[in-house]
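Presented as structure tokens, the chain that follows is alone, the form predicted on its own.
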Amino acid sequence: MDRVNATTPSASSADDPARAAFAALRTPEGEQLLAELRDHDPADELATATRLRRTHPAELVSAALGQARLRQRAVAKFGAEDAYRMYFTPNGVEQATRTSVAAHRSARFAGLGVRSVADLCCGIGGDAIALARAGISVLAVDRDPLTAEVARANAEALGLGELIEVRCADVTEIDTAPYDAVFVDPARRGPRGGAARSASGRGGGRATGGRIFDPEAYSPPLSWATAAALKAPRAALKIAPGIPHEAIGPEAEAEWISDGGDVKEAVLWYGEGFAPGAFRATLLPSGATLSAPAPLPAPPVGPVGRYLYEPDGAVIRAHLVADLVERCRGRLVDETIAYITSDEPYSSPYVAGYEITDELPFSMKRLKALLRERRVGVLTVKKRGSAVEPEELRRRMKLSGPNAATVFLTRVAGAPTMLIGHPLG
């Protein structure tokens, strides 16, 4: 989960109406309103607000409606059972770690005997919750007072208050020596409009700007977070999936995690039980994990065979495509494209496989004629190394018919190419 800033002082509660609004939500009247709004339709929000303001203060109604919207958005990450008991800030929902990913990280810690963790830059507490549910006691630290209050409320709401201590403090001033492990999640978003950065937290409801790609511009910087990690017996440092591999030190095991095929995050692991210098790709929900020393030798390149394999994004990010090429006795279709081809079928959780029926030079006209001839009405478009937009291509094909096909827009030996086929299995 990202934070706006991990070290900058925040405003007092008297200057922060968001904290007053949050406190009102935790009163019996506020909790009653939230329960009533659990299944409300956002399309009817104006009528709902008008009705509720007849019997409740307008400020409380506005806060409850805002929180109800956040809870509905949070269901995708936390599940309905937790989301409708928790509290959120706008940034907290947007930047929160998906529960499945946080649970995976916590299980790795717990499997190594970790019983206490200092969660630095804890945000609204999603990671602390996952750690506590793995039986680990947590010190959760965030600089922003509202964010810390939200994290504390979430621990209490989920019955985890005895395992999670929330502290509002500057993470750079925390003594982590008493803890078995450290977890650090630096801020990776910049301020908007040139305004001064706000306090750390996935939140506080404050707007944030675009993502920061320079690891030393994280807050706190990657160098500080790495130093904090190296002081601990074990540590995990969450980073952006697109971090340059050269920014990863040799002391870390680097893991990229995907969930349902989408890459969610990267983690640097330090200490006993991890593999320094190794790169790992983990796929959720299956938990399948692929690891190899880095860097691997460049894979061979050759002509398109009968089968094409699309590696999971975590495998690509971890630069482990060469490992899969060797496993399936295949080759790349182009040295710059992460499509693997082979002459034999290959089954693996790390790839989606396709049987290729046609290989054609790129041509909209030829593709349209082929799809019309085969009565293709459902077309899946995948692309790597092509500027063509899938929706524009579908529009121009004017599809009609009972059959389905998959087209890959890519490069083969440097030439723009269309590969047509269908999924294996």
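Here the structure is a predicted model, which is why all the values come from computation and not from measurement. So that there is no doubt, residue numbering starts at 1 and follows the sequence shown.
Keep in mind that the form predicted in complex with a small molecule is not shown, yet the notes after this line are about it.
Visitor: Tell me, out of Asp170, Glu253, Asp323, Asp334, which residue has a non-hydrogen atom within 4.5 angstroms of the small molecule in the predicted bound form.
Guide: For this set of options, the contacting one is Asp170.
Visitor: What is the one choice in Ser219, Thr341, Ser106, Thr282 with a heavy atom within 4.5 Å of the small molecule in the predicted bound form?
Guide: Exactly one listed residue reaches within 4.5 Å, namely Ser219.
Visitor: All three of Ser258, Asp312 and Ala314 touching the small molecule in the predicted bound form at 4.5 Å, heavy atom to heavy atom?
Guide: No, the whole trio is out of contact, none within 4.5 Å by any heavy atom.
Visitor: In the predicted bound form, which of 155-163, 294-302, 348-356, 139-147 comes within 4.5 Å of the small molecule (heavy atoms)?
Guide: Contact-bearing stretch, as computed: 139-147.
Visitor: My question is simply whether Gly330 lines the interface with the small molecule in the predicted bound form - judged by any non-hydrogen atom within 4.5 Å.
Guide: No.
Visitor: Does the small molecule come within 4.5 Å of any heavy atom of Leu290 in the predicted bound form?
Guide: No, Leu290 is distant from the partner.
Visitor: Within a 4.5 Å heavy atom cut-off, is Leu131 in contact with the small molecule in the predicted bound form?
Guide: Judged by the heavy-atom cut-off of 4.5 Å, Leu131 is well away from the small molecule in the predicted bound form.
Visitor: Look up in the predicted bound form whether Ile124 has a non-hydrogen atom within 4.5 angstroms of the small molecule, and give yes or no.
Guide: Heavy-atom contact with the small molecule at 4.5 Å: present for Ile124.
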